[in-house]
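The chain below stands alone, shown as structure tokens; this is the form predicted alone.
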Amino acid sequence: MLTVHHLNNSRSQRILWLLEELNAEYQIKCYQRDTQTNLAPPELEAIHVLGKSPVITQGSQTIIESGAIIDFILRHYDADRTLIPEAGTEQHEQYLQWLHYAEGSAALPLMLKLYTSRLADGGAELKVRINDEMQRHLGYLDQALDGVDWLVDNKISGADIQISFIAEIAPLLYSPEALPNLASFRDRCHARPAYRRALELGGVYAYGPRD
């Protein structure tokens, strides 16, 4: 059986959401961050040497990286292709682009902003470059969501689930009014019944709905 090694307040929450959208059979093994350092516990290193989440296991296989995990799950559990466009189509190419864009480009400036904000000087030397990159990527996403509910062919896909984490941490850095389309996208994600079920299963999640 597929096991999700789930760390609280982490990107693994979206993997639970994906599996709930598919009504897949799986189990969760939960891990808690250190209350002082906010780091993952060493027990995760027993699953994979990097000690990061998300990570899934199935039989002898151990898979890390959100994009690879989403791809694996959709190939093995989405027989009706409800969350992935047909291979060889233009929509499938767009899907792959968004799937990898989330962690390959969009996440980096946001995470740098969060990390440097904890420094005494707020990362003064990098601040201008980080802010410029954040505005560029968040603006790009907001524009891409103008007039549509979902990123690929206006149908929800694994790419939207991957991008959801970016939409969830954006309010920590910008007011929702500055990115109205991204804010509406986040609200649509949070309103999905499968998302709500995943939230109940995963426990406290700092970036989820406020209600």
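Each residue number is its position in the shown sequence, starting from 1. Remember, predicted model here, so these are calculated numbers, not experimental data.
Another form exists, predicted together with a small molecule; not displayed. Remarks below refer to it.
The candidate spot formed by L18, D187 and R192 lies out of contact with the small molecule in the predicted bound form, as no residue has a heavy atom within 4.5 Å of it. Out of the listed residues V148, C30, L39, V49, L39 is the one that sits within 4.5 Å of the small molecule in the predicted bound form by at least one heavy atom. A single residue from the set D78, E133, E103, D71 has any heavy atom within 4.5 angstroms of the small molecule in the predicted bound form; that residue is E103. Proximity to the small molecule in the predicted bound form, taken as heavy atoms within 4.5 Å, picks out 59-67 from the listed stretches 149-157, 59-67, 171-179, 22-30. At the 4.5 Å threshold, heavy atoms of L7 reach the small molecule in the predicted bound form. Of the heavy atoms in S53, some are within 4.5 Å of the small molecule in the predicted bound form.
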